[in-house]
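Only one chain comes next, encoded as C-alpha cells, the form predicted on its own.
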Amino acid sequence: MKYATTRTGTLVSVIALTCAMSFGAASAQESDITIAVSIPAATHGWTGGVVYHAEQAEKEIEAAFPNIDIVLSTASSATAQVSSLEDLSATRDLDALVILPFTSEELTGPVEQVKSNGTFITVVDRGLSDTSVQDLYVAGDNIAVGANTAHWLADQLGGEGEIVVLRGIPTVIDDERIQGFSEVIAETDIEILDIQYANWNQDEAFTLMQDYLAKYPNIDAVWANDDDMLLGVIEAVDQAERDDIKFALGGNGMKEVIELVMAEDERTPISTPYPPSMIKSAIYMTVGQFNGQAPMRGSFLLDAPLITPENAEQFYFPDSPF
C-alpha cells in the first residue's frame, strides 16, 4: 500500500481521530503495550524537529491511552543507537519498535535481532538495508526530492552548465535522493564537477563548499541535498563573494529556507518538503496496530512537490523547531 500527502499535521489529526474512535475501550484493556521509539539525537535542525515531534507524540498517546507505554530513546551515533536497542530489548518486552536508523547498514542487523522476538517494526525515513525486516515504513519520496529539484534546475540552466553536489550520510534516503537527481541530470549536458559527503551538517557543508570554491573557478549551481547543509553553502559562497553561482538549492523545507522562497530569493527560489513530523505519524500508526484493531503494513510515502513563492505559505510553520 502506498499513501501520499504533503500535510503531515493533517494526517496526524486524522489518525488521532480514528484512534480515538477505535480506542474507546482502551482504558478497560488489561494488557499493557510497550512501544520503543529509537531516533537520532538533535544533531542538526531536521533531527531536532524529529525529537520535538516524537516527544509530543509520547505525551499525547500516554495521556490518552493508559495501557500504552512509549519509551523514547535518542542516540548521537549509529554505535550508540545499536547499544540502545540492545538495552531496550534486554530490559523490556517490546511489542513494537519505531526506529529512525542513524545509518542503514549498521542498524539493519540489530533491528533484525529485535524483530526475532516477535516485535512489530516500524521504520521511519532512513530505510534499512533489508526491507523485509520492516512491517511498516513511513518516509518521504526521496527519489522525487532529487528528481523534482533536478528537473527545475535543468530547465533554469537550459540543460547545460557545471554544478557541485553535497551528499548527506550513507543511508538509503541519501542514495535515493542522489539517484533521483543524477538520473535527471544524466539526460542533460550539465556536468557534476564534484559530489562528496557533508553529513547533513551545516559546519561540514561550509567547509566542503569552501573546498569546492577553491577548486573550481566556475560553478553554475549547487545542490546541497538538505537545508542544514544549504545554510553552510550559502555562508561559504557569500564569504567568497562568488557571483558565478546562479542557484543554491537544498531540500526538506526548513522554515528559514521557506522564508527565502517566500521572499523570491534569486539564488534559492525553490525547495522541497520533507517534514520531521513524519515520526509522529509513524508512532500514531503503530499505536493503531495494537489498540485500534487497524492492521498497519506496507509503505507510506509523502509527496515532494516543489515549494515555490506561489505555494510556500502552505509549507511554512513559524512555530516549528525546523
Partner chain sequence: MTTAAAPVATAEEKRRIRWADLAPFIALGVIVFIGILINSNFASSANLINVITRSAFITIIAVGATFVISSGGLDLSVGSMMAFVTGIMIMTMNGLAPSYGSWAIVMGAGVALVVGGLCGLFNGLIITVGRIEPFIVTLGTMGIFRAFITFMSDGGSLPIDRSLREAYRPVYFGDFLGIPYPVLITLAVVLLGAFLLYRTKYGRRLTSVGSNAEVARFSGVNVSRVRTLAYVIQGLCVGVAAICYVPRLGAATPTTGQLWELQVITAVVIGGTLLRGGRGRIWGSVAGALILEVIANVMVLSDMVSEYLVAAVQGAIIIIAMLAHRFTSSR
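All values reported here derive from a predicted model rather than from experimental measurement. Positions refer to the first chain, counted from 1.
Beyond the structure shown, there is the form predicted together with the partner chain, which is absent from this document and is the topic of what follows.
Is A214 near the partner chain? Define near as a heavy atom within 4.5 Å, in the model of the complex.
Contact with the partner chain, yes.
Test of understanding: in the model of the complex, would D238 fall inside 4.5 Å of the partner chain by heavy atoms?
D238: yes, in contact with the partner chain in the model of the complex.
Taking heavy atoms only, is E191 within 4.5 angstroms of the partner chain in the model of the complex?
Taking the distances in the model of the complex, the answer for E191 is no, it never comes within 4.5 Å of the partner chain.
When the contact criterion is heavy atoms within 4.5 Å, does A64 count as touching the partner chain in the model of the complex?
Result no; A64 lies far from the partner chain in the model of the complex.
Among 278-286, 253-261, 64-72, 293-301, which stretch has residues with heavy atoms no more than 4.5 Å from the partner chain in the model of the complex?
Stretch with heavy atoms near the partner: 253-261.
Looking at Q179, Q196, T131, T79 here, can you tell me which has any non-hydrogen atom within 4.5 angstroms of the partner chain in the model of the complex?
By the 4.5 Å criterion, the partner-contacting residue is Q196.
Among Q113, Q156, S83, T207, which has any heavy atom within 4.5 Å of the partner chain in the model of the complex?
The residue from Q113, Q156, S83, T207 that makes the contact is T207.
Given that the distance between the C-alpha atoms of H53 and A312 changes by 3 Å or more in the model of the complex, do they end up closer or farther than here?
Their C-alpha distance shrinks by at least 3 Å in the model of the complex.
What happens to the Cα distance from P40 to M229 in the model of the complex: does it get closer or farther than here, with a change of 3 angstroms or more?
Compared with the shown chain, P40-M229 is farther in the model of the complex.
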